[in-house]
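Okay, so here's just one chain, in structure tokens, the form predicted alone.
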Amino acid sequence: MKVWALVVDTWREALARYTLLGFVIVSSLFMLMLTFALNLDIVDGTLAAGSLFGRAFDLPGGTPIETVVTTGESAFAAMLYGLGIFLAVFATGSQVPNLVHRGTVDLYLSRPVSRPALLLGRFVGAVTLVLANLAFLCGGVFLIISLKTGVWNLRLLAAGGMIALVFCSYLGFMYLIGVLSGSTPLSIMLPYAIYVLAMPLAAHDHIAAVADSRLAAWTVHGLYWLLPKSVELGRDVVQLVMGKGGLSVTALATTLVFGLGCLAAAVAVFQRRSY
């Protein structure tokens, strides 16, 4: 019941600060744009003509609509991957800094709940908040494309689950930064910085091969294995939607370990810190 109360409190805070409303507005605008931008002319199960954002696209005659849809959905999955993580980080970046502010943290700590339970309860609340938002965004895109084409590719919904798992890793890092600094800007900017840093690190083997010292090469490899594998998992999401491959267990496991490690460190610091 204590955890449930903290989850409810997280939702109330998101509503009071209009965070949830902002997520819904941005997601709704994206889906509205998609609704009017995507136009397909389907004849006997094949695509006769189509346009996206007013630009016509040509495909070989007799291309099955299933092929067209899965290819298009893979592109949208890549967009949803970046957009979903961006919005989720922005929506939850202020949670821990708001929690550790003077007055607020005193009120929470006066309640009959342990510090680890308090922080983990807020974490669960943030996860449920983002899951609901991602379900709205990914589910809406899935319904729009499916209703327009008649092709119901459930793998697009699985992509939403992957986005949620990657975000959970970033959320653990955000909680650690929030506990250490109490700064909302840092809690938002540093996850974005890691996301950008992961792009060149995806080519860590090539970068390390041309490094001017062994220490530099080890540093590149170390950063690659330490930080989330957002690039690799983004590619996996695209392949999953197209039905051409599975997930990289190593990339997913190391990404989740990073998040769990950061969350455990955040709990340890929060438990020992004097407020």
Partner chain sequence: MVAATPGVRAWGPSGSENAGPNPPKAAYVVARVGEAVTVISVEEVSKEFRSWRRRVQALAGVSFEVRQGEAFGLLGANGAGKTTLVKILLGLAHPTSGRVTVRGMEPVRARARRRVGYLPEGHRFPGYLSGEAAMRLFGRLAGLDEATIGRRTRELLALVGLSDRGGDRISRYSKGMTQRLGLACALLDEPEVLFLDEPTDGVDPVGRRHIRDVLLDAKAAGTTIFINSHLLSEVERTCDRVAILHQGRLLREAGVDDLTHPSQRFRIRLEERQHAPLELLARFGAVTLDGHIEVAVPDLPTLNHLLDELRSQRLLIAEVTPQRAALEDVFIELVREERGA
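Numbering follows the first chain given and starts at 1. What you are looking at is a predicted structure, and each value in this text was computed from that prediction instead of being measured.
Another form exists, predicted in complex with its partner chain; not displayed. Remarks below refer to it.
Peer 1: Can you pick the stretch from 152-160, 115-123, 172-180, 131-139 whose heavy atoms fall within 4.5 Å of its partner chain in the predicted complex?
Peer 2: It is the stretch 115-123.
Peer 1: With the partner absent here, would Leu6, Gly103 and Tyr275 each sit within 4.5 Å of its partner chain in the predicted complex, counting heavy atoms only?
Peer 2: Yes, each of Leu6, Gly103 and Tyr275 comes within 4.5 Å of its partner chain in the predicted complex.
Peer 1: Do Ala16 and its partner chain share at least one heavy atom pair within 4.5 Å in the predicted complex?
Peer 2: Ala16 belongs to the contact set for its partner chain.
Peer 1: With the cut-off set at 4.5 Å between non-hydrogen atoms, does Tyr81 touch its partner chain in the predicted complex?
Peer 2: Tyr81 lies outside the contact set for its partner chain.
Peer 1: Thr71 near its partner chain in the predicted complex, any heavy atom under 4.5 Å?
Peer 2: Answer no; every heavy atom of Thr71 is more than 4.5 Å from its partner chain in the predicted complex.
Peer 1: Are any of the heavy atoms in Leu107 no more than 4.5 Å from a heavy atom of its partner chain in the predicted complex?
Peer 2: Close contact exists here: in the predicted complex, Leu107 approaches its partner chain to within 4.5 Å, heavy atoms only.
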